[in-house]
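First, one chain by itself: the form predicted alone, in structure tokens.
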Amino acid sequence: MTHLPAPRRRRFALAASVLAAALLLSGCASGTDPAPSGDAAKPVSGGTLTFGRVAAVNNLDLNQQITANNAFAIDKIFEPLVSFDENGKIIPWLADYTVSDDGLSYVFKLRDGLKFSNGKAVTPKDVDFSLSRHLEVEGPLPLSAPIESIAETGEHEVTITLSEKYTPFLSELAGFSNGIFPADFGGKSEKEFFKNPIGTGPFVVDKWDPNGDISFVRNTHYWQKGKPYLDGLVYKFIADDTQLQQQLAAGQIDAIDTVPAANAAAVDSAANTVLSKTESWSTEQVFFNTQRKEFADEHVRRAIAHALDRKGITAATSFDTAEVANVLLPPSILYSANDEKGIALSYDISAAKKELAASAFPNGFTITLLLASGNSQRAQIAQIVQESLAKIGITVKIEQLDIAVFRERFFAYDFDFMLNSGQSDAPDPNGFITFQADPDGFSKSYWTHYSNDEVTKLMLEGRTTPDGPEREAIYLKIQQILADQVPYIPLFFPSNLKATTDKVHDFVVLPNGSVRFQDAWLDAKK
């Protein structure tokens, strides 16, 4: 069996503060029981867990979605052939697998007795149909591997053959958008199927308001014996992260998807709540729309990068829960160059003024910074960006929009520059780089329209080069070019900050920010 190497891990450079000590001592790492005690350490079945989230689930078509609000509901219903654990290691999931010596053929053997939530067996035909549909649809997270054929080579076996080596194939296959569903949509139309979908995941949709809450019930045919422990799971839509915390503290909900960094210490120290803090595959960034004349000018982008004190922004807004970003790739992603010296443009107001003087806008300009409302951390970052750029003659107007409208605006390239985060769905660097630097991809370099022929060439080489020093050098070069040309400014690598009440156990957070609820259980005594 062949596996991708685990991502190179680096420790967070957390300050030796009381908060950091408290977090470490609390033992809130992913996959650990936050509050084991006596009989409570043994999982029990039953109950419904209510999970507060800041965005509603509005679409369950796994091949057409990209945002976390939908993805982390989709992955409760559908599952891929392979997945990754809480450390980012690729692992067999619905199937075990072998890879041919030439790296072109992948043989997947489905688990014995594997069934969909309707009780029907999962067959190679279902796998072929699901992956072929994804190839046909493409979608925002396309199956980009050069797949030559998908063949049913046994009663429980599928062989996927590539036309050329593709190093990130298994990592790509592990994404939520490659989940398996019944062939021909189980006899329904696509529209009907995705209103009440059938998959192999631990939960099945019970009730769903696309503008509000979605509730699930346990899949009684789930392949992990005895799981999920929960009878039900509710995603409760609460648009403001502060309200999330208040309802958690009051015991009105059992867990929350987002803890504002400013409140992490309070959540951690409260008697009835437990903070979960884990490494993420996310990078908080400033994104430039390079179709705007001001941001088409590389000198302007470099001036802004020099004018922003990333270390200060990280300290002021993350409260020791994040690591300063020097490059695009988080340290938890393979080949991150964050520890390399001299890559990022330094905080230097004098250098910022020189860059602006060399631009087509030496006297500055007025521009609008777009961000979603309801995120207190980004609101604070926006204020700092506004104050920082005023020092070099750039006037920033701040526009906060409801998250749905915010997404509509940047998906339509209707913004000057914005605050947002980049998020990988798998541990291989190809996914992150492709989404943020491919001018021909779905997102057009994360809606920046940035294009660089050398980056594109290196990106393609990175997909076919075997893991090792040569591949690492490719991604180091890409990260250096992006740091020099600044289509976006990585600010910091946030932790996954989530929280539960003390009656929730085995709350397993993955590095992509999703939660594996099949392991979670509720202590009825709390």
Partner chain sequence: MVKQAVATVARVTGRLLARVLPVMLGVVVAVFFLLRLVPGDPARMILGERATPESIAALQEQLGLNLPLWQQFWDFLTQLVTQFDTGDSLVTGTSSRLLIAERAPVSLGIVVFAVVLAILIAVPLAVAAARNRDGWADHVVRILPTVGMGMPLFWIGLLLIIVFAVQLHWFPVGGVGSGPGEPLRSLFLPALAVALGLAPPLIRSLRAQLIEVFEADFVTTFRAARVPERRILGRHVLRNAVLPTLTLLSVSTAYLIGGTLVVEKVFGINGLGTLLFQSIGSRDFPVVQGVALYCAILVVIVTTVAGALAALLDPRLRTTKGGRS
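Basically, rigid core = biggest C-alpha set you can superpose within 1.5 Å across the two forms. On a predicted model such as this, the values are computed, not experimentally measured, just so you know. Numbering follows the first chain given and starts at 1.
Unshown form predicted together with the partner chain; subsequent notes refer to it.
Sort through 252, 291, 269, 215 and report the residue having a heavy atom within 4.5 Å of the partner chain in the model of the complex.
Exactly one residue meets the criterion: 252.
Contact residue in the model of the complex, chosen from 58, 464, 45, 480 - any heavy atom within 4.5 Å of the partner chain:
The option sitting close enough to the partner is 58.
Spot the stretch among 441-449, 349-357, 77-85, 382-390 with residues whose non-hydrogen atoms come within 4.5 Å of the partner chain in the model of the complex.
Every other range fails; the passing one is 441-449.
Is there a heavy atom of residue 193 no more than 4.5 Å from a heavy atom of the partner chain in the model of the complex?
Residue 193 lies outside the contact set for the partner chain.
Using 4.5 Å between non-hydrogen atoms, is residue 125 touching the partner chain in the model of the complex?
Contact with the partner chain, no.
With the partner left out here, check for me: in the model of the complex, does some heavy atom of residue 485 sit within 4.5 Å of the partner chain?
Looking in the model of the complex, residue contacts with the partner chain do not include residue 485, since no heavy atom lies within 4.5 Å.
Does the partner chain come within 4.5 Å of any heavy atom of residue 316 in the model of the complex?
Contact with the partner chain, no.
Does any residue in 242-259 get within 4.5 Å of the partner chain in the model of the complex, counting heavy atoms only, and if so which ones?
The stretch touches the partner through 242, 243, 246, 247, 250, 252.
Please determine whether the C-alpha atom of residue 441 is displaced by 2 Å or more between this form and the one not shown following superposition on the rigid core.
Yes, shifts by 2 Å or more.
Using a rigid core alignment, state whether the CA of residue 399 is displaced by 2 Å or more between this form and the one not shown.
Residue 399 C-alpha, core-superposed: shift of 2 Å or more.
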